[in-house]
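This document starts with one chain, in the form predicted alone, laid out as structure tokens.
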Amino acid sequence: MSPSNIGAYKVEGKVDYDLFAEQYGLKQIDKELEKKIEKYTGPLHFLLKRKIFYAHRELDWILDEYEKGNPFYLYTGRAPSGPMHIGHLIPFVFAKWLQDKFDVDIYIQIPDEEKFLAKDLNQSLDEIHQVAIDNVLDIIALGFKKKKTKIFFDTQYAGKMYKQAVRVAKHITFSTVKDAFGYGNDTNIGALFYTSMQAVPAFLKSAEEGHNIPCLIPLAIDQDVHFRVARDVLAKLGYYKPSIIYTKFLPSLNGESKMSSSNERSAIYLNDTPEAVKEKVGKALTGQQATAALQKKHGGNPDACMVCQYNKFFFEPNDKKLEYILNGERNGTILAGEHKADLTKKINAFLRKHKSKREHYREYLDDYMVHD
């Protein structure tokens, strides 16, 4: 798949992650950098070990700054178009690990205006705001540190952000945004301005405190376009360019490269019932042979099996247990029914705990949110 078909609002077909990194100047995370991270974190998160977070911009620099006593802060976000699915959680799970290991602040942007401007959701800003609150509950249920976490809706934090966004916008031309995002003459002017707002949290802490503070952004590769536009602008404004660490997409249950919010059957949502999970996993693509006899004789392909991939990306953090699952697919000792039943059990156990935590954190929502 050509990197030009990976956009901020649409991803289609098979993703070539190596090609994307090469095309846009990302460096892949190598053993040397892994050792540098381990110096501060101890054992690596399984998302790093398994090359799910696989590439970066200037992560080595930000670790050097940390060693000098210039600690970074984290920035990530969630555009609230509807309920969150498992794929949406991956950057936040990793960000939570980084916050714990480095004991740093995190800014979480909820661009409630973006989906109102960029997508035909047929929802009012008030309706999107309610979706955003539900999304925030799913995020804080992961256990972010209250005193080190700032979560804000763009429409409720505009007094703090707008002045800085205007400074960014002055340096971004219409032709740049048009080319980067594929906008046409029918694009509303709010969408054209949005990338300036998304850039602000990458230097907001520096602006607030009056000196440069490094920023590290965990994100999926489709959001890189915003920061390809913004990074040079921030340097012109006298701020550090943000460092970025990139995750691959959790594939859809039907085998497409990215789990899609527009196809509910391809995704596991955080509000799915146990029955819905069982049905969806039961129809998931596997890498197995057409019959049990052939599977036992020839084995299957774990790379093409979504049950294996969901264990790899999220549901089996234990490397030895994961290898047992992958080998069972390869050598034919684990059949599709057993595979799917095991994954269904894991997903429902996770969702049951997550929903409980979500309700627990509801009373602490205001402790995380910042407003003008």
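Remember, it's a predicted structure, so these values are computed and weren't measured experimentally. In case it trips you up, residue 1 is the first one in the sequence shown, and so on.
Absent from the display: the form predicted in complex with another copy of the chain. The rest refers to it.
Contact with another copy of the chain in the predicted bound form, defined as a heavy atom within 4.5 Å, holds for exactly one of Lys278, Arg167, Arg231, Arg78, namely Arg167. Between the options Asp105, Glu256, Glu113, Asp222, the residue in contact with another copy of the chain in the predicted bound form by a heavy atom within 4.5 angstroms is Glu113. In the predicted bound form, at least one heavy atom of Gly159 sits within 4.5 Å of a heavy atom of another copy of the chain. Under a 4.5 angstroms non-hydrogen atom cutoff, another copy of the chain in the predicted bound form has Ile189 among its neighbouring residues. Although the partner is absent here, Thr155 is a contact residue: one of its heavy atoms lies within 4.5 angstroms of another copy of the chain in the predicted bound form. Proximity of Tyr269 to another copy of the chain in the predicted bound form falls outside the 4.5 Å heavy atom cutoff.
Of the candidate stretches 172-180, 84-92, 69-77, 288-296, only 172-180 has residues whose heavy atoms lie within 4.5 Å of another copy of the chain in the predicted bound form.
Although the partner is absent from the chain shown here, Leu117, Asn185 and Ser196 each have a heavy atom within 4.5 Å of another copy of the chain in the predicted bound form.
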